[in-house]
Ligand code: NDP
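Only one chain is shown below, in structure tokens, and it's the form predicted on its own.
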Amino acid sequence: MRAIEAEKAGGPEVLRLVDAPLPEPGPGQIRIRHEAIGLNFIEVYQRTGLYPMTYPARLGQEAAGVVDAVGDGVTRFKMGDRAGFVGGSSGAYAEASIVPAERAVHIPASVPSETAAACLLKGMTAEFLVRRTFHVKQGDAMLVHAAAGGVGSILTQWGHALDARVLGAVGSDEKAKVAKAQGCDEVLIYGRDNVPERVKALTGGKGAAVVYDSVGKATFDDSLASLAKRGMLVSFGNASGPAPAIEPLRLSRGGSLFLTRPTLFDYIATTEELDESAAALFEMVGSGKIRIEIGQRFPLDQVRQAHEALEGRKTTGSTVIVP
């Protein structure tokens, strides 16, 4: 089968197309023949070495397709089932993956494979961020950085569905239109708006109850300054570089603030948590409350170009790779 490897840590040029043996599932495993593969910023971190791996490394966090081989002892899936996964040891940038059956999810008939691949990691991330890390409720002011991006666009829609006051921050007028169409009540533009001042002005001087920050270094200080008393900064990405270290007293001076750096895999650690998160996501997608916008599609042999577009902030919504 065809697969993509990062031969070493570095830029997009380290990604190469290779021929690899088609793997066979062992006990408790299934093989999923991919119909679509999701592209996520975590793979940029892995490729660059920010999240170190053993190289050459197979990248890719999520994919969706059809089960075409089942290992001994598997009762959760059968041949022909539609399935998807987040994580996995073999890397999703390939034509197929071996996945432990308890770490795969069933894809309902109402959700196309491209949609599932585009939203599993991003959508389940949004799910735990708005429902479990900080329980967003009606009337809460939430600031979403990179609101036109993959996770940001889902966070925005989920917050809107919960009747929160959704403030989005983006990098251009074009992305502002996207964020507004997704349900942002107000949109701020980096480099033009003073984000903390605008957030305070839009919330009657209070600030945001929660800030979702996937950008990291470039926005961290503004995120803290945008919070209301006892507000929570959820730092969950490093698109501009890792967020800086801070003294705990800074949280106190800012108004008894909370700071967390969560990761999806701690919130879907068990099969039950995985199924519940996926079910909540698919319910929102199936009901039409969340639309998964696929802004870009790349064939497998153009993963390098996909990474270049993602790092260059030239993407909107979700991006899928088609094997």
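Bear in mind the structure is a predicted one, so any value in this text is a computation, not a measurement. Numbering starts at 1 and runs along the sequence shown.
The next section is about a form of this same protein that is not shown, the form predicted together with the named molecule.
Using 4.5 Å between non-hydrogen atoms, is Ile107 touching the named molecule in the predicted complex? So Ile107 does not count as contacting the named molecule.
Would you please decide whether Thr260 lies within 4.5 angstroms of the named molecule in the predicted complex, comparing each non-hydrogen atom pair? Taking the distances in the predicted complex, the answer for Thr260 is no, it never comes within 4.5 Å of the named molecule.
Given that the named molecule is not shown alongside this chain, does Arg304 nevertheless sit within 4.5 Å of it in the predicted complex, heavy atom to heavy atom? Taking the distances in the predicted complex, the answer for Arg304 is no, it never comes within 4.5 Å of the named molecule.
In the predicted complex, is there a heavy atom of the named molecule that lies within 4.5 Å of any heavy atom of Gly150, even though the partner is absent here? Gly150 belongs to the contact set for the named molecule.
Listed residue that, although the named molecule is not shown, lies within 4.5 Å of it in the predicted complex (heavy atoms), from Gln157, Ser214, Ser113, Thr133: Selected residue: Ser214.
Tell me, which of Thr125, Ser223, Ser97, Gln182 has a heavy atom within 4.5 angstroms of the named molecule in the predicted complex? It is Thr125 that has a heavy atom within 4.5 Å of the partner.
Hey, of 66-74, 36-44, 250-258, 277-285, which bit sits against the named molecule in the predicted complex at 4.5 Å between non-hydrogen atoms? Within 4.5 Å of the partner lies stretch 36-44.
Enumerate the residues of 300-323 that have a non-hydrogen atom within 4.5 Å of the named molecule in the predicted complex, in sequence order, or give none. In sequence order, Leu310, Glu311, Arg313, Thr315, Gly317 come within 4.5 Å of the partner.
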